[in-house]
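In the C-alpha coordinates that follow, the same protein chain appears in two forms, which are kept apart as structure 1 and structure 2.
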Structure 1
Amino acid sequence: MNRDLLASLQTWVQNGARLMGEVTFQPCPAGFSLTHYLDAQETDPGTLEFFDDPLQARKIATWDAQGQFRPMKTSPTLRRGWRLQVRDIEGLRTALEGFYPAMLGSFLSLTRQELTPVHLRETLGRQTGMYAITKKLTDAQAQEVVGCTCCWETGCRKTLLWQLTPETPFQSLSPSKFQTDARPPDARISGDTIPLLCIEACNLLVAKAREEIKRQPAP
(Lines of atoms letter the chains of each structure in order from A and count residues from 1; the text may use other names and numbers.)
(Lines give C-alpha, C1' and ligand atoms only; values in the text may rest on other atoms or scores of the structure.)
Protein backbone atom coordinates (compact mmCIF):
# COMPACT_ATOMS: atom_id res chain seq x y z
CA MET A 1 0.00 0.00 0.00
CA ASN A 2 2.81 2.45 0.90
CA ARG A 3 4.50 1.81 -2.44
CA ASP A 4 1.23 2.31 -4.32
CA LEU A 5 0.55 5.48 -2.32
CA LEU A 6 3.98 6.91 -3.06
CA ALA A 7 3.63 6.20 -6.78
CA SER A 8 0.14 7.71 -6.81
CA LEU A 9 1.31 10.84 -5.00
CA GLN A 10 4.09 11.20 -7.55
CA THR A 11 1.51 11.01 -10.33
CA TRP A 12 -0.82 13.51 -8.64
CA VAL A 13 2.03 15.98 -8.23
CA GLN A 14 3.17 15.50 -11.83
CA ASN A 15 -0.41 16.15 -12.93
CA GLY A 16 -0.53 19.44 -11.04
CA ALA A 17 -1.62 18.76 -7.46
CA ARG A 18 -0.43 21.61 -5.23
CA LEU A 19 -2.91 21.87 -2.36
CA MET A 20 -4.18 19.57 0.38
CA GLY A 21 -6.43 21.04 3.05
CA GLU A 22 -4.68 24.20 4.24
CA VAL A 23 -1.25 23.05 3.05
CA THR A 24 0.27 24.02 -0.26
CA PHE A 25 3.35 22.28 -1.63
CA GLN A 26 5.59 23.34 -4.48
CA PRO A 27 8.44 21.51 -6.23
CA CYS A 28 11.76 23.28 -5.79
CA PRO A 29 15.42 22.48 -6.54
CA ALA A 30 15.88 21.04 -3.04
CA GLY A 31 12.75 18.85 -3.23
CA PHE A 32 9.42 20.30 -2.07
CA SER A 33 8.51 23.37 -0.05
CA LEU A 34 5.34 23.27 2.07
CA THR A 35 3.57 26.21 3.69
CA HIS A 36 0.13 27.25 4.89
CA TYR A 37 -1.71 28.25 1.73
CA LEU A 38 -2.19 31.79 3.03
CA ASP A 39 1.61 32.13 3.29
CA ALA A 40 2.24 30.86 -0.25
CA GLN A 41 2.93 34.37 -1.55
CA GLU A 42 5.34 35.29 1.24
CA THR A 43 8.48 36.60 -0.47
CA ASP A 44 10.65 37.00 2.63
CA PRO A 45 11.56 33.48 3.82
CA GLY A 46 12.92 34.93 7.04
CA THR A 47 9.41 35.69 8.25
CA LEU A 48 8.48 31.98 8.31
CA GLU A 49 9.71 29.49 10.90
CA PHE A 50 11.81 26.94 9.04
CA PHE A 51 11.60 23.15 9.41
CA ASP A 52 13.50 20.51 7.42
CA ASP A 53 12.24 17.22 8.84
CA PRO A 54 8.97 15.86 7.36
CA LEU A 55 8.12 14.32 10.74
CA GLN A 56 7.85 17.86 12.10
CA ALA A 57 4.59 18.28 10.18
CA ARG A 58 2.82 16.53 13.03
CA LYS A 59 4.27 19.04 15.49
CA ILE A 60 3.12 21.96 13.35
CA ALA A 61 -0.36 20.47 13.10
CA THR A 62 -0.76 19.80 16.83
CA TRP A 63 -1.45 23.35 18.08
CA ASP A 64 -3.40 26.25 16.60
CA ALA A 65 -2.28 29.89 16.50
CA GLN A 66 -3.49 30.44 20.08
CA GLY A 67 -1.58 27.42 21.38
CA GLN A 68 -4.70 25.30 21.75
CA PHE A 69 -4.59 21.59 20.98
CA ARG A 70 -6.21 20.65 17.65
CA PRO A 71 -8.12 17.39 18.24
CA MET A 72 -9.37 17.32 14.66
CA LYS A 73 -6.59 17.84 12.15
CA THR A 74 -9.01 18.64 9.31
CA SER A 75 -10.48 21.65 11.11
CA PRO A 76 -9.58 24.99 9.45
CA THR A 77 -7.29 26.00 12.33
CA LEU A 78 -3.85 25.06 11.03
CA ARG A 79 -1.51 27.81 12.19
CA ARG A 80 0.39 30.00 9.76
CA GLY A 81 3.97 31.26 9.82
CA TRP A 82 6.03 28.18 8.92
CA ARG A 83 7.83 26.62 5.97
CA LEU A 84 8.72 22.94 5.75
CA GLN A 85 11.38 21.78 3.31
CA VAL A 86 11.50 18.09 2.32
CA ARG A 87 13.98 16.38 0.02
CA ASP A 88 11.82 14.11 -2.12
CA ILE A 89 8.40 12.61 -2.81
CA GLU A 90 8.74 10.26 0.16
CA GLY A 91 9.35 13.23 2.42
CA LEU A 92 6.31 14.94 0.93
CA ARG A 93 4.18 11.88 1.66
CA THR A 94 5.42 11.75 5.25
CA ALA A 95 4.71 15.45 5.75
CA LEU A 96 1.22 15.34 4.26
CA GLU A 97 0.41 12.30 6.39
CA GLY A 98 1.57 14.27 9.41
CA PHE A 99 -0.73 17.14 8.61
CA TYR A 100 -3.68 14.96 7.55
CA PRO A 101 -3.38 11.35 8.77
CA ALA A 102 -4.83 8.67 6.46
CA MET A 103 -6.17 11.20 3.96
CA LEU A 104 -3.81 10.26 1.12
CA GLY A 105 -4.87 6.64 1.46
CA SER A 106 -8.53 7.62 1.42
CA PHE A 107 -8.08 9.53 -1.81
CA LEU A 108 -6.23 6.61 -3.38
CA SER A 109 -9.11 4.33 -2.38
CA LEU A 110 -11.56 6.78 -3.96
CA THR A 111 -9.65 6.77 -7.24
CA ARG A 112 -9.86 2.97 -7.16
CA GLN A 113 -13.60 3.09 -6.42
CA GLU A 114 -13.01 1.26 -3.15
CA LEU A 115 -14.75 3.71 -0.79
CA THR A 116 -18.30 3.05 0.41
CA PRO A 117 -19.87 6.05 2.16
CA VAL A 118 -21.99 5.41 5.25
CA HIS A 119 -24.97 7.74 5.39
CA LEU A 120 -25.93 9.47 8.64
CA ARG A 121 -29.07 7.48 9.39
CA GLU A 122 -27.06 4.27 9.18
CA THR A 123 -24.37 5.66 11.47
CA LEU A 124 -26.88 6.83 14.06
CA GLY A 125 -28.87 3.63 13.75
CA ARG A 126 -26.04 1.54 15.09
CA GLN A 127 -25.29 3.73 18.12
CA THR A 128 -25.65 2.11 21.54
CA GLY A 129 -25.39 3.14 25.18
CA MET A 130 -25.46 6.86 25.86
CA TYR A 131 -25.47 7.60 22.11
CA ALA A 132 -28.47 5.43 21.26
CA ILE A 133 -30.63 8.51 21.78
CA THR A 134 -29.27 9.97 18.54
CA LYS A 135 -31.60 7.64 16.65
CA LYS A 136 -34.34 10.13 17.61
CA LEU A 137 -32.68 12.97 15.69
CA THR A 138 -35.22 14.47 13.30
CA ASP A 139 -34.35 15.37 9.73
CA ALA A 140 -34.55 19.08 10.60
CA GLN A 141 -32.24 18.61 13.58
CA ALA A 142 -29.81 16.62 11.46
CA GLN A 143 -29.68 19.40 8.89
CA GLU A 144 -28.91 21.94 11.62
CA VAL A 145 -26.29 19.85 13.43
CA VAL A 146 -24.46 18.91 10.25
CA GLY A 147 -24.65 22.46 8.94
CA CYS A 148 -22.99 23.82 12.10
CA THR A 149 -20.49 21.02 12.76
CA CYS A 150 -19.31 20.22 9.24
CA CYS A 151 -19.34 23.65 7.63
CA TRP A 152 -16.27 24.25 5.52
CA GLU A 153 -15.47 27.71 6.87
CA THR A 154 -15.37 26.96 10.61
CA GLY A 155 -15.94 23.24 11.14
CA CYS A 156 -14.04 20.82 8.92
CA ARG A 157 -12.26 20.92 5.57
CA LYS A 158 -13.25 17.41 4.55
CA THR A 159 -15.41 16.73 1.51
CA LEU A 160 -18.57 14.86 2.54
CA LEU A 161 -19.25 11.67 0.61
CA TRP A 162 -22.33 10.78 2.71
CA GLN A 163 -25.81 12.25 3.03
CA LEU A 164 -28.64 12.02 5.54
CA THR A 165 -29.89 8.98 3.61
CA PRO A 166 -29.00 7.78 0.10
CA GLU A 167 -32.00 9.78 -1.15
CA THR A 168 -31.74 12.82 1.16
CA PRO A 169 -28.92 15.33 0.68
CA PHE A 170 -27.97 18.05 3.13
CA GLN A 171 -29.35 21.46 2.24
CA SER A 172 -27.61 23.13 5.19
CA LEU A 173 -24.15 22.99 3.59
CA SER A 174 -22.81 24.77 0.53
CA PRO A 175 -22.49 22.69 -2.65
CA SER A 176 -18.69 22.98 -2.47
CA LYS A 177 -18.75 20.82 0.66
CA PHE A 178 -19.49 17.84 -1.58
CA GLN A 179 -16.97 18.64 -4.35
CA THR A 180 -13.64 16.83 -4.29
CA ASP A 181 -11.98 19.67 -6.20
CA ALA A 182 -13.15 22.42 -3.84
CA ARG A 183 -10.49 24.88 -2.75
CA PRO A 184 -10.40 27.94 -0.48
CA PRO A 185 -11.71 31.01 -2.31
CA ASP A 186 -8.80 33.00 -0.87
CA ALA A 187 -6.14 30.55 -2.10
CA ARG A 188 -3.88 32.57 -4.38
CA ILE A 189 -2.11 29.57 -5.83
CA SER A 190 -2.51 27.55 -8.97
CA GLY A 191 -2.78 23.78 -9.14
CA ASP A 192 -5.13 20.98 -8.31
CA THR A 193 -6.38 19.81 -4.92
CA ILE A 194 -5.85 16.49 -3.16
CA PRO A 195 -9.13 16.31 -1.25
CA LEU A 196 -9.69 15.41 2.37
CA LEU A 197 -12.49 12.85 2.34
CA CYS A 198 -15.17 12.03 4.89
CA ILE A 199 -16.94 8.71 4.34
CA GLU A 200 -18.88 8.60 7.62
CA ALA A 201 -20.00 10.92 10.40
CA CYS A 202 -17.26 11.29 13.01
CA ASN A 203 -17.56 10.88 16.76
CA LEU A 204 -17.68 14.64 17.18
CA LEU A 205 -20.78 14.88 15.02
CA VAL A 206 -22.48 12.00 16.83
CA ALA A 207 -21.76 13.74 20.13
CA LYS A 208 -23.25 16.97 18.76
CA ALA A 209 -26.34 15.04 17.68
CA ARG A 210 -26.70 13.72 21.23
CA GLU A 211 -26.38 17.24 22.62
CA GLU A 212 -29.10 18.43 20.26
CA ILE A 213 -31.50 15.71 21.41
CA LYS A 214 -30.71 16.33 25.10
CA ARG A 215 -31.20 20.06 24.60
CA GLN A 216 -34.80 19.61 23.53
CA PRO A 217 -37.39 19.85 26.32
CA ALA A 218 -39.03 16.59 27.32
CA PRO A 219 -42.53 16.10 25.84
Structure 2
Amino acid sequence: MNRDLLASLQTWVQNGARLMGEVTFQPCPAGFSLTHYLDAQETDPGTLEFFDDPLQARKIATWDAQGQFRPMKTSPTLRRGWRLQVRDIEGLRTALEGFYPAMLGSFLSLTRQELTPVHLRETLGRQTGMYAITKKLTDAQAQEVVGCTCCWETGCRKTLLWQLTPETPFQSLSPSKFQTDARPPDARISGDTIPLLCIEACNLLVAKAREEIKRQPAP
Protein backbone atom coordinates (compact mmCIF):
# COMPACT_ATOMS: atom_id res chain seq x y z
CA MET A 1 0.00 0.00 0.00
CA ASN A 2 2.72 2.46 1.10
CA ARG A 3 0.17 5.07 2.07
CA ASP A 4 1.51 7.61 4.52
CA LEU A 5 -1.03 10.28 5.22
CA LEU A 6 1.09 12.02 7.84
CA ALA A 7 4.04 12.42 5.46
CA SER A 8 1.68 13.59 2.71
CA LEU A 9 0.12 16.19 4.98
CA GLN A 10 3.60 17.38 5.92
CA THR A 11 4.37 17.81 2.22
CA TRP A 12 1.12 19.63 1.50
CA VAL A 13 1.79 22.04 4.38
CA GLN A 14 5.40 22.57 3.29
CA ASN A 15 4.11 23.31 -0.20
CA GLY A 16 1.84 26.02 1.16
CA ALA A 17 -1.50 24.47 2.11
CA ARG A 18 -3.19 26.71 4.69
CA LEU A 19 -6.94 26.27 4.23
CA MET A 20 -9.28 23.30 4.43
CA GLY A 21 -13.01 24.01 4.18
CA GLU A 22 -13.66 26.75 6.74
CA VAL A 23 -10.54 25.99 8.79
CA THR A 24 -7.23 27.74 8.34
CA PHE A 25 -4.01 26.48 9.89
CA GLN A 26 -0.78 28.41 10.23
CA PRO A 27 2.62 27.08 11.28
CA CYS A 28 3.85 28.83 14.43
CA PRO A 29 6.77 28.29 16.86
CA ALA A 30 4.60 26.07 19.08
CA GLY A 31 3.33 23.92 16.19
CA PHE A 32 0.21 24.93 14.30
CA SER A 33 -2.57 27.36 15.09
CA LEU A 34 -6.02 26.59 13.71
CA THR A 35 -9.01 28.95 13.55
CA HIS A 36 -12.15 29.50 11.53
CA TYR A 37 -10.95 31.33 8.44
CA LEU A 38 -13.03 34.38 9.38
CA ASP A 39 -11.20 34.57 12.73
CA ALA A 40 -7.73 34.31 11.21
CA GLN A 41 -7.07 38.05 11.55
CA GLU A 42 -8.21 38.17 15.18
CA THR A 43 -5.30 39.52 17.20
CA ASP A 44 -6.89 39.88 20.63
CA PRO A 45 -6.11 36.54 22.32
CA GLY A 46 -9.01 36.91 24.72
CA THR A 47 -11.59 36.98 21.96
CA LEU A 48 -11.23 33.38 20.89
CA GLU A 49 -11.86 30.35 23.11
CA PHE A 50 -8.56 28.49 23.38
CA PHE A 51 -8.08 24.73 22.99
CA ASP A 52 -4.85 22.71 22.93
CA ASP A 53 -6.13 19.16 22.50
CA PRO A 54 -6.50 18.18 18.82
CA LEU A 55 -9.34 15.81 19.76
CA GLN A 56 -11.35 18.93 20.68
CA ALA A 57 -11.76 19.63 16.95
CA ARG A 58 -14.43 16.95 16.76
CA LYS A 59 -16.35 18.67 19.56
CA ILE A 60 -16.01 22.13 18.03
CA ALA A 61 -17.38 20.70 14.79
CA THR A 62 -20.37 19.01 16.43
CA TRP A 63 -22.62 22.06 16.92
CA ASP A 64 -23.20 25.16 14.80
CA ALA A 65 -23.41 28.70 16.18
CA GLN A 66 -27.14 28.20 16.89
CA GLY A 67 -26.52 24.97 18.82
CA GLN A 68 -27.82 22.73 16.04
CA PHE A 69 -26.15 19.36 15.49
CA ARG A 70 -23.98 19.20 12.34
CA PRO A 71 -24.23 15.63 11.02
CA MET A 72 -22.57 16.79 7.80
CA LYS A 73 -19.22 18.19 8.85
CA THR A 74 -18.64 19.78 5.44
CA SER A 75 -21.71 22.00 5.67
CA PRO A 76 -20.65 25.67 5.71
CA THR A 77 -21.79 26.10 9.30
CA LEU A 78 -18.61 25.62 11.31
CA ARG A 79 -18.90 27.94 14.29
CA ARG A 80 -16.44 30.76 14.87
CA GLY A 81 -14.82 32.00 18.08
CA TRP A 82 -12.17 29.38 18.84
CA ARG A 83 -8.46 28.84 18.38
CA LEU A 84 -6.88 25.40 18.50
CA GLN A 85 -3.16 25.09 19.13
CA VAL A 86 -1.55 21.75 18.21
CA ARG A 87 2.06 20.77 18.81
CA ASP A 88 3.01 19.03 15.58
CA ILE A 89 1.92 17.59 12.26
CA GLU A 90 0.30 14.62 14.02
CA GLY A 91 -1.81 17.02 16.05
CA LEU A 92 -2.71 18.89 12.87
CA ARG A 93 -3.80 15.63 11.26
CA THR A 94 -5.96 14.69 14.25
CA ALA A 95 -7.52 18.15 14.33
CA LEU A 96 -8.28 18.26 10.60
CA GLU A 97 -9.72 14.73 10.82
CA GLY A 98 -11.99 16.00 13.58
CA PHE A 99 -13.19 18.97 11.53
CA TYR A 100 -13.43 17.11 8.22
CA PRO A 101 -13.50 13.33 8.73
CA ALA A 102 -11.78 11.26 6.00
CA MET A 103 -11.16 14.31 3.83
CA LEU A 104 -7.35 14.26 4.14
CA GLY A 105 -7.30 10.60 3.18
CA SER A 106 -9.68 11.17 0.28
CA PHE A 107 -7.34 13.83 -1.08
CA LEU A 108 -4.40 11.46 -0.65
CA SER A 109 -6.32 8.81 -2.58
CA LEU A 110 -6.95 11.36 -5.33
CA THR A 111 -3.24 12.17 -5.59
CA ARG A 112 -2.48 8.44 -5.71
CA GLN A 113 -5.14 7.89 -8.37
CA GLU A 114 -6.98 5.55 -6.03
CA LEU A 115 -10.24 7.44 -6.04
CA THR A 116 -13.11 5.97 -8.03
CA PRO A 117 -16.23 8.11 -7.78
CA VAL A 118 -19.51 6.21 -7.57
CA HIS A 119 -22.38 7.74 -9.51
CA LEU A 120 -25.72 8.31 -7.82
CA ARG A 121 -27.67 5.62 -9.69
CA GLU A 122 -25.16 3.02 -8.54
CA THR A 123 -25.32 4.19 -4.92
CA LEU A 124 -29.12 4.17 -4.88
CA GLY A 125 -29.21 0.88 -6.77
CA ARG A 126 -27.53 -1.05 -3.97
CA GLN A 127 -29.72 0.29 -1.15
CA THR A 128 -31.85 -2.11 0.86
CA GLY A 129 -34.32 -1.84 3.72
CA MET A 130 -35.88 1.57 4.24
CA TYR A 131 -33.71 3.11 1.52
CA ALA A 132 -34.55 0.56 -1.23
CA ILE A 133 -37.31 2.89 -2.37
CA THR A 134 -34.70 5.42 -3.54
CA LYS A 135 -34.16 3.28 -6.65
CA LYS A 136 -37.39 4.89 -7.87
CA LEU A 137 -36.03 8.43 -7.74
CA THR A 138 -36.62 10.06 -11.13
CA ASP A 139 -33.88 12.01 -12.88
CA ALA A 140 -35.78 15.26 -12.25
CA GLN A 141 -36.14 14.45 -8.55
CA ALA A 142 -32.44 13.57 -8.36
CA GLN A 143 -31.49 16.91 -9.89
CA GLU A 144 -33.71 18.69 -7.36
CA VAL A 145 -32.57 16.76 -4.27
CA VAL A 146 -28.88 17.06 -5.14
CA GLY A 147 -29.32 20.74 -6.06
CA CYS A 148 -30.76 21.48 -2.61
CA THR A 149 -28.78 19.13 -0.36
CA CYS A 150 -25.36 19.44 -1.96
CA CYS A 151 -25.50 23.19 -2.81
CA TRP A 152 -21.95 24.50 -2.32
CA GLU A 153 -23.09 27.86 -0.94
CA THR A 154 -25.56 26.57 1.68
CA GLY A 155 -25.44 22.77 1.89
CA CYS A 156 -22.03 21.14 1.62
CA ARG A 157 -18.55 22.36 0.74
CA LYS A 158 -17.34 19.12 -0.80
CA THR A 159 -16.33 19.05 -4.44
CA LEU A 160 -18.64 16.68 -6.29
CA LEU A 161 -16.74 14.01 -8.21
CA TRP A 162 -19.77 11.91 -9.21
CA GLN A 163 -22.73 12.42 -11.50
CA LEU A 164 -26.23 11.05 -11.79
CA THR A 165 -24.84 8.47 -14.23
CA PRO A 166 -21.51 8.38 -16.06
CA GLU A 167 -23.26 10.20 -18.91
CA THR A 168 -25.54 12.53 -16.93
CA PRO A 169 -24.07 15.47 -15.02
CA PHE A 170 -25.95 17.56 -12.50
CA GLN A 171 -27.31 20.80 -13.94
CA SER A 172 -28.62 22.02 -10.60
CA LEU A 173 -25.32 23.00 -8.94
CA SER A 174 -23.02 26.02 -9.20
CA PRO A 175 -19.55 25.73 -10.81
CA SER A 176 -17.91 25.91 -7.34
CA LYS A 177 -19.31 22.46 -6.61
CA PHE A 178 -17.01 20.92 -9.20
CA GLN A 179 -13.79 22.86 -8.50
CA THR A 180 -11.25 21.19 -6.21
CA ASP A 181 -9.71 24.59 -5.38
CA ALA A 182 -13.02 26.26 -4.48
CA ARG A 183 -12.77 28.43 -1.37
CA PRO A 184 -15.09 30.83 0.43
CA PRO A 185 -15.25 34.11 -1.52
CA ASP A 186 -14.46 36.09 1.65
CA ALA A 187 -11.44 33.96 2.62
CA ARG A 188 -8.43 36.25 2.80
CA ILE A 189 -6.02 33.42 3.41
CA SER A 190 -2.88 33.19 1.35
CA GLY A 191 -1.81 29.66 0.60
CA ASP A 192 -3.30 26.61 -1.00
CA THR A 193 -6.47 24.74 -0.20
CA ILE A 194 -6.72 21.08 0.76
CA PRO A 195 -9.89 20.08 -1.05
CA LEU A 196 -12.93 18.40 0.46
CA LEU A 197 -13.85 15.65 -1.96
CA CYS A 198 -17.16 13.86 -2.37
CA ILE A 199 -16.65 10.42 -3.84
CA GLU A 200 -20.18 9.16 -3.46
CA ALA A 201 -23.60 10.26 -2.19
CA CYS A 202 -23.64 10.27 1.61
CA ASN A 203 -26.38 8.74 3.72
CA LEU A 204 -27.82 12.21 4.34
CA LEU A 205 -28.43 12.60 0.62
CA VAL A 206 -29.84 9.08 0.29
CA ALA A 207 -32.20 9.90 3.17
CA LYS A 208 -33.25 13.11 1.39
CA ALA A 209 -33.90 11.07 -1.76
CA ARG A 210 -36.15 8.78 0.30
CA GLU A 211 -38.02 11.78 1.71
CA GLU A 212 -38.56 13.12 -1.80
CA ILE A 213 -39.94 9.80 -3.07
CA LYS A 214 -42.26 9.58 -0.09
CA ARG A 215 -43.41 13.17 -0.65
CA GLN A 216 -43.90 12.80 -4.37
CA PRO A 217 -44.02 9.13 -5.49
CA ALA A 218 -42.74 8.52 -8.99
CA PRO A 219 -45.53 7.89 -11.53
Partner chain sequence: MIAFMNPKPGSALVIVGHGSTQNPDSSTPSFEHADAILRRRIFGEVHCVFWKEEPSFRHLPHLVDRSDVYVVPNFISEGYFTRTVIPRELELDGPLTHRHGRTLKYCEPVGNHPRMTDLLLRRAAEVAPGVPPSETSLLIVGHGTNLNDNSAAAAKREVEKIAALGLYAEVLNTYMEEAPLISEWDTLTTQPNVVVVPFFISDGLHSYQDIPVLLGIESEPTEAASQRSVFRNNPYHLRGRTLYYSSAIGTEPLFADVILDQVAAFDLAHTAHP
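As the structure is a computational prediction, the values presented were derived from the model and not from experiment. Residue numbering: sequential along structure 1, first residue numbered 1. Between two forms, the rigid core is the largest collection of C-alphas that superpose within 1.5 Å.
The form predicted in complex with the partner chain appears here as structure 2.
Comparing the forms between the two structures on their rigid core, the Cα displacement of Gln113 stays under 2 Å.
On a core-based overlay, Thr128 has a Cα shift of 2.5 Å between the two structures.
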